[in-house]
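This document starts with one chain, in the form predicted alone, laid out as structure tokens.
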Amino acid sequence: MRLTLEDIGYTYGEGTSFAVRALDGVTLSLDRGELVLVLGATGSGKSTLLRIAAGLMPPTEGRVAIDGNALDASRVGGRVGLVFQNPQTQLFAETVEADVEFGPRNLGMSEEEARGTVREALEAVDLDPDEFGPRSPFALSGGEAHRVAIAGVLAMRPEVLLFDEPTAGLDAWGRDAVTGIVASLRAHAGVVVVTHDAEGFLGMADHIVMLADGRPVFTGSREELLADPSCFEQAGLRVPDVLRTQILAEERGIRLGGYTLEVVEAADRMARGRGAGR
């Protein structure tokens, strides 16, 4: 399955005196097995783009398509799944099991099939179905709630997974857990992650889109971004620590021969660069 967004534009309150331009000329494409990372500061249009990709709202301009056919929100079914930034917006049932089961049942699965899917989905996010299934979703930790929200989307077996700030508000352990889950899901689906924090996902991204004030300031591969890290500043984003350290090293005359996101490799390059400069 291939999801494409072509020259997307969106204006809130179009035709009124309160009109606000949220997106302008944004393009991206996604195939199964790929991870597209959309980076941008607060208010850059990331969440608006994600909702358009999910079919929750039509773009003002441009086209959203699945396998070349225009996205029809009434027929998309469970093919595209969206995990919101705040898991509480997705959790509503009395138990975790009932919450995760809602999606597949709504898609027409039998009770038996849906329950099997619920177990698979909870296990996929490293939650024991027997332990967590009977629990209230409102008695979970932040990281557990995020994982249950992901399970609720996985249970519908989508071909595209969209994540809105999946690690926001989590402690280090929770961020690592959710990041690992997102990485594993690309084996079964195409994944789009929107975030203002590049640290956790940049190393696994196949394609990156950076937004500033709703417009793309960079579109390309991870290697292309590493060749021009000034794009972080253009998007109003903090440069990842490992990359900033290498930039400072080069400013001090240490030649690295290119940047990397791997801490050990960056340290080796800086060590070699210092030795070559003696």
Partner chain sequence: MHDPPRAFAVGEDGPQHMIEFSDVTYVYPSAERDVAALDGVSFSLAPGEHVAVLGANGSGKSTLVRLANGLIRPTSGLVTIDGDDTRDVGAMWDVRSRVGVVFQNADNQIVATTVEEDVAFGPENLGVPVGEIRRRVDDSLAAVGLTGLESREPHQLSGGQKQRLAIAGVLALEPAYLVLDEPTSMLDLQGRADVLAAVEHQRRAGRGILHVTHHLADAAAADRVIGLEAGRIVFEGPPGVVLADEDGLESLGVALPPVGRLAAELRSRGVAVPYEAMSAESVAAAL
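Numbering follows the first chain given and starts at 1. No experiment lies behind these values; they were computed from the predicted model shown. We call the rigid core the largest set of C-alpha positions that still match within 1.5 Å between the two forms.
What comes next is about the form predicted in complex with its partner chain, which does not appear here.
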All of 147, 168 and 268 with a heavy atom within 4.5 Å of its partner chain in the predicted bound form: yes
Its partner chain in the predicted bound form has a heavy atom of only one listed residue within 4.5 Å, and of 78, 143, 129, 116 that residue is 143
Taking 4.5 Å between heavy atoms as the contact cutoff, choose which of 199, 159, 206, 120 touches its partner chain in the predicted bound form. 199
Even though its partner chain is not shown here, does residue 92 get within 4.5 Å of it in the predicted bound form, heavy atoms only? no
May I ask you to check whether residue 245 falls inside a 4.5 Å heavy atom distance of its partner chain in the predicted bound form? yes
Close approach of residue 110 to its partner chain in the predicted bound form, 4.5 Å, heavy atom: no
Applying a 4.5 Å heavy atom distance criterion, does residue 237 contact its partner chain in the predicted bound form? yes
In the predicted bound form, which of the stretches 58-66, 249-257, 218-226, 25-33 has residues with heavy atoms within 4.5 Å of its partner chain? 249-257
Using a superposition on the rigid core, decide whether the Cα position of residue 99 changes by 2 angstroms or more between the shown form and the other one. no
C-alpha of residue 83: shift of 2 angstroms or more between the shown form and the other one, rigid core aligned? no
